[in-house]
Each structure stands twice: as C-alpha cells, then as structure tokens.
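Here's a solo chain for you in structure tokens, the form predicted alone.
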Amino acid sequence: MSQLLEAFRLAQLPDAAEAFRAEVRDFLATNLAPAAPAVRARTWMGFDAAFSRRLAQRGWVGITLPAAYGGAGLDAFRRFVLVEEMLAAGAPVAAHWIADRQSGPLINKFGTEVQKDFYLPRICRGEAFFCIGMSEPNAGSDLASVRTRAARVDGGWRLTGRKIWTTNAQRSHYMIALVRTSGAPEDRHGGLSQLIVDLSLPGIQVRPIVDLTGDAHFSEVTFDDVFLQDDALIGDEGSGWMQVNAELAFERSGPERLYSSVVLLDTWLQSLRKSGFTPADAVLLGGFTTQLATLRSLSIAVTTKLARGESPVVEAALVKDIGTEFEQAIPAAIEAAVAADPARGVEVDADLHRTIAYLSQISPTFSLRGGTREILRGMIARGLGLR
C-alpha cells in the first residue's frame, strides 16, 4: 500500500500552465454559446463539430502533438488546464475528445511516419474525429477477452467481429480498434493488435444506442469481413495490449474523471446563493469541495508522471475509481438535499431540477466508460501485490 501511495507525490501546475488559463477563459467567453445547465452538463458527451473546429483553429486540438504535424507542441500541464476550464464551462468537446486525448498521442508514439503525416494534421485541424473500439458483447471492458479478429490476407487484413459501447462511433471518421490477430481469447493478452479502421468502408455497420436520457452517444459497431490495407496496423503486431495500457493512463486520470457533475455543483451553488444556505447545505458543499480538491491533486500528480514520459497505469486506475465515485455521488446528494425542502426547491429554478434529472440518469455510466469499477480494482489489487 505504501508503495502505491508514495507514487502520488504532491505536485503543482507550473506557472506557465496557470498563466495559460486566462487565454482559455478568453477563448471560451468568445466562442462558447450560452446554454442551459442541463445542456452544459453533457460537456464531454456534447458533440459540436463546429466548436471543435474553432478550437482547432486556435491551435488547441492536438495541443500536445508536435508542431511538425500541426500540433501546438504544448505540455501535459497546459492540456490539463485547457480540459479543466472547458469542462467547468460545460463546453461541448466530444467531437475532438478521443482524437486529442488518445488517438493522436497513440499514433504519434507508435505510428509510422506515413500514418503520422496522414492522420495527425487532420486531427489538429479538427477534420478527423476518432472513436476507440475496445469493449465487446459478452466481454464488457475485460479487454483481454476480445474476440473481434483480423486475419492476414494478401495486401492487408480481413476484419470480423463486433464492438459495443463505442462512444460516438456514428459521428467519427476513424476507430482505433483492439483486435485479435493471432491466438484465441484464452490467450488473454497475447495476440492482440491495434488497427486504424476507416468507418466509411464497406462491411461496417454502426448502430447508435439510445440511453435513459434520450441521447445516443454509444454505438454498437459490426465488422463483416472488412478489408483493411496493410498500413491499418499501428505499432507492432501482437503489441496491442501494451499499447492500450499506455493509452489508458491518459484516459483514466484526467479532469474528466472528476468534473462530470461539476456543472450541477455550480448550478446548485448559484441557487443556494439566491435561496440561502441551510447548515446541512454548507456541510454537504464543504465535503464536495474538500473531495474535489484532493482528487484534483491526485490527478495533477498523475499528469506530472505522464509529462515525465512514465506510464502510471495503476495510479490512473485509482484516480478514475475514486473520481467516478465522487462524480456519481453528487447528483444523488444534491437531489436529496433539494428534496429535503421541496418548497424551497420549487422556488430555486427549473434548470437545477433538469440538470439533476439528467445527471441522475446518466451518472451510472460514469463508472462504466473507460473501464468498469471491477476491472480497475483488479488492476489496483495487482499493483498492491494482492493478486
């Protein structure tokens, strides 16, 4: 236990990153259209290609990618600030989210020069949106059990199988899919590779899945004998498991694992300022603030490791597990606080109730996306030497 805890060294955002915060706020003040809290609460599930392209024109899509490929060449700390400010404002970031956070850095690290020259400038211009194909039917987020298979053929690959719970596949241009290129599911981590799949190819069917809120940001994707060129393979054949784990450290440790309910928290705070605080409200708000400050420090500690080129997979799993538990607790706690004094709640505003309703319905997914709680706790247990 002590070894894992020692990995979280208290770190601060550098002065340059804090100075960057003012630029981001100026951009959002100019480019983010006013929206109701229930709309802003969708933030990193909110898909707005036009907003993403304005962000790209400012140079902030592919913010950590090299300038040679059109990126801003900035560090992970400034990306942390950019993400933190956009989520706090409720900006609709879903269109470029996966490409900026994972696909671009993955291609930059493991891709060939041809792949970098093709994909990275398009990502940085906001012209190439990506999704990630990991979870599968009957396997969930147990990625070592994937059954989607790519077989070597003359000139490329033949891809067959299904992915599910793929975020925004119906709106993306490309998927980076984890597939089996050799062996069997019983081989677990062996025989897995990553392929870049053009989602416009024949043989691909994308079926959106409507959730409880009426939104459809998840999809099921079916591959029916899809032909991919040789250069679809990214990295080395059979190295997919190692590459995915490096990618997941980016996915599981950022502010998005803490801030999914922050628009509701802010909306409730504004309502309390109008209607007045009860002692119970103050205790609850103080608890949220304390937890958020602590979790933010943990997230910055992991960002510091990523900036040093490390791959803090276990630390990132811990941040996601605790962070999503916090995000899920906020809607239920605020709903209970409002319900404790229903007369005052009616007076507050309808926006607050709509935002509570949205997040109460969607928050159970917070601990599913990016790896379920069971998967994460298994990783943490292994990191502690308990498995």
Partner chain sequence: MFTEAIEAILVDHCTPAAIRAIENGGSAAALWGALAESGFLELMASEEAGGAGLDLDAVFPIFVAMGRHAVPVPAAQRIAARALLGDVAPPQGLLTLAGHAQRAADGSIGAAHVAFGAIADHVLANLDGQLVLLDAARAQRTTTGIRGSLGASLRWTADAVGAPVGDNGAQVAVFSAALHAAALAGAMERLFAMTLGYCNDRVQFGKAIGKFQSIQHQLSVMAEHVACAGVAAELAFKAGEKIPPLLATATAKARTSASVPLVASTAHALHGAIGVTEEFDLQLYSRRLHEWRMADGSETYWNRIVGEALLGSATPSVLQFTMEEIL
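Numbering follows the first chain given and starts at 1. Predicted model only: the values in this text are computed from it and were never measured.
Same protein, other form: the form predicted together with its partner chain, not shown, and the subject of what follows.
Between its partner chain and the residues Leu201, Ala144, Met242, Leu292, the one pair within 4.5 Å by heavy atoms in the predicted complex involves Leu292. Residue-level contacts in the predicted complex: of Val206, Ile209, Ala88, Val313, one residue has a heavy atom within 4.5 Å of its partner chain, and it is Ala88.
With a 4.5 Å cutoff on heavy atoms, His189 does not count as touching its partner chain in the predicted complex; it lies far away. Interface membership of Gln115, defined by any non-hydrogen atom within 4.5 Å of its partner chain in the predicted complex, is ruled out. The closest heavy atom approach of Glu136 to its partner chain in the predicted complex falls outside 4.5 Å. Interface residue remark: Asp266 is counted as part of the site for its partner chain in the predicted complex, having a heavy atom within 4.5 Å. Annotation: in the predicted complex, residues Glu23, Arg125 and Pro364 none come within 4.5 Å of its partner chain through any heavy atom. Comment: 270-278 is the region of 270-278, 153-161, 191-199, 115-123 lying near its partner chain in the predicted complex, near meaning a non-hydrogen atom within 4.5 Å.
Contacts between stretch 280-301 and its partner chain, counted in the predicted complex as any heavy atom lying within 4.5 Å, involve Ala282, Val283, Leu285, Gly286, Gly287, Thr289, Thr290, Gln291, Leu292, Ala293, Thr294, Leu295, Arg296, Ser297, Leu298, listed in sequence order.
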